[in-house]
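Consider the single chain below, provided in structure tokens and representing the form predicted on its own.
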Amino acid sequence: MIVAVSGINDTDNPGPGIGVARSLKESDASIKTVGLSYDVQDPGNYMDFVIDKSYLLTYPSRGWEPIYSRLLYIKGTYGLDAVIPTLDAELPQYIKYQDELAAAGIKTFLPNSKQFELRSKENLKEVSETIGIVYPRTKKVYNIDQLTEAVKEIGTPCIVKGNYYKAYKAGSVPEAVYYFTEISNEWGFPILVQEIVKGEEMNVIGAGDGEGGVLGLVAIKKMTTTSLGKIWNGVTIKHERLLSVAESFVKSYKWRGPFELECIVDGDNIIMIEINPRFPAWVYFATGAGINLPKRLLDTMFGKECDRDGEYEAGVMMVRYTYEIVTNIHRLSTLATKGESDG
């Protein structure tokens, strides 16, 4: 079986693709992985022990047709049975055209458009109420006057964030204005002003079968993070209330595919921060703890009975580290000119 994964930018701001590919290959040595890359310098293009062959794609901003044509080319020349997209920017197109991919013999397992919109921060209050947790006080703003009023009402420090991307801690109104301008110039409106909540950062990774059933869940606590907020060290935990909330999310919305809930937890008080409608970059951490979600997703995708055992060990620690691959620059030039690795 040949499975393509995107998000192979395994840097200090890593994508999930390498963790997904690593999980698949460790589960079944016969699986071949194809890396879908948007940058010739993505480390995954040179990680032969995880990615069997890689291809360059055009950016999603150029529309679906170039991506679809590229996938058909890969299927026709190398082979391609399934795609697991892992980047927020590309997901809307894969979701919209998943039936077209299926008709071409390329399987996916993704949420529908309505489910995908749950991740919008303006919808998180309703989602939080549905599954019985809290969402921080948040104001939606479109201009500087509204921003100033919202910051004064919520107080400082506060969080200034985009509806989908980027979030910064602002300690004053001028600082909030700076971040407002930076985010809106890149991602547009609305901008959200949110209160800061206290507690520990805990996340849950999981996948749903689309009928309200859970394929697996793993909860972790962040120990250290990068300047970009990415987990660097973490530990698995058994927080029954948090796991129950994740189960409720899957059941309430009949979630289909992978997801991550990012929360702040203070005892049994759980505050929603984000929903990611994809695998997070730490997906291999869950595999190492005993729950191989990419393999379970792939089995479900092809109509096979998958392992749904929910047991994993608490106290398993993840330590992320940097690593150097030394290779010939010919590989980069080949990928840049041909648009694919030698494989």
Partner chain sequence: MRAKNLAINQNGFAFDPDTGESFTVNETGKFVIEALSKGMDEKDIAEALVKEYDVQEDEALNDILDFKERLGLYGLLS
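Positions refer to the first chain, counted from 1. These numbers were taken from a predicted model, which means no experiment stands behind them.
There is another form of the same protein, the form predicted together with its partner chain; it is not shown, and what comes next is about it.
Q. Does any heavy atom of Glu200 come within 4.5 Å of a heavy atom of its partner chain in the model of the complex?
A. Taking the distances in the model of the complex, the answer for Glu200 is yes, it comes within 4.5 Å of its partner chain.
Q. Taking the shortest heavy atom distance, is His239 within 4.5 Å of its partner chain in the model of the complex?
A. Yes.
Q) Would Lys107 sit within 4.5 Å of its partner chain in the model of the complex, counting heavy atoms only? A) Result no; Lys107 lies far from its partner chain in the model of the complex.
Q) Does Gly315 reach its partner chain in the model of the complex, with heavy atoms at most 4.5 Å apart? A) Gly315: contacts its partner chain in the model of the complex.
Q) Of these, Val235, Val134, Val177, Ala89, which has a heavy atom no more than 4.5 Å from its partner chain in the model of the complex? A) The option sitting close enough to the partner is Val235.
Q. Of the residues Lys221, Lys139, Arg119, Arg256, which one places a heavy atom within 4.5 Å of its partner chain in the model of the complex?
A. Selected residue: Lys221.
Q. 285 to 293, 307 to 315, 271 to 279, 63 to 71: which one contacts its partner chain in the model of the complex at 4.5 Å, heavy atom to heavy atom?
A. This holds for exactly one stretch, 307 to 315.
Q: Give, in sequence order, every residue of 78 to 105 that has a heavy atom within 4.5 Å of its partner chain in the model of the complex, or say none if there are no such residues.
A: Nothing in the stretch sits within 4.5 Å of the partner.
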